[in-house]
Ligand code: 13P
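Here's a solo chain for you in structure tokens, the form predicted on its own.
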């Protein structure tokens, strides 16, 4: 990983991971985005010590108010910025913003040199943060969106169905059901950066940390930059294996569901939740004819 240091420890931790995403071929040009809900006391202290004279930007209204995030600070990549420049030009690639005015606006407090602003998908990030903050009890803090090629390819080859995709990935590597037991939740093709995709994403993020933006990429939530990278890395590795299997004519066998259940039981203490998608979906009861 790229050697890098920065006065803000959160930038120092995030920038090499962001650069690594580009090195892996996940974030071409200005594709993809990243945000990190920062510990308030720690970031305010760092900014006061290191950047006491930085002026706050004007408050910018949010398309979707997020009252549960009022007062929170986020490290976020800027619109039009390249992941490959994260360690070269961190003050340009990143900014720190605070959610203000009851969760209806955001205000830049550091970064975004040359007049930058948060990613155009920041509203969707905030929906994701609000949802996963509540679901995880505050544990999850980082959202990463990447254009991972093998994962995207599967959205052109498989049904756009959460259980079908999840089982296909779980059956390719034993570690998968342990690392993402909540599965992959599929969002149909929608226009990026819109309220519509934010609302669809929020519904799926109620069920798990990883969603597929069909034909577009992955959107994942975790505790830290390294953990969210690891999550995406594992999903992409399994996707590559499955795509190779499909290109060879389809699977002749796979990890049996009974073994997957055994793995889930054995590693239960390591998992964030039970693997509900392993269970067969309930079928509607037959309707009795009326007389």
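All of these numbers come straight from a predicted model, not from anything done at the bench. Residue numbers count along the first chain shown, from 1.
The form predicted together with the named molecule exists for this protein as well; it is not shown, and the discussion that follows is about that form.
Put simply, of 102, 137, 80, 189 only one has a heavy atom within 4.5 Å of the named molecule in the predicted bound form, and it is 80. For the residues 72, 171, 121, 204, the 4.5 Å heavy atom test against the named molecule in the predicted bound form is passed only by 121. The chain is drawn here without the named molecule; in the predicted bound form, the stretch among 247-255, 222-230, 23-31, 38-46 whose residues come within 4.5 Å of it by any heavy atom is 23-31. Interface residue remark: residue 209 is not counted as part of the site for the named molecule in the predicted bound form, having no heavy atom within 4.5 Å. At least one heavy atom of residue 145 is located within 4.5 Å of the named molecule in the predicted bound form. Using a 4.5 angstroms limit between non-hydrogen atoms, residue 216 touches the named molecule in the predicted bound form. In the predicted bound form, not one residue of 98-116 has a heavy atom within 4.5 Å of the named molecule.
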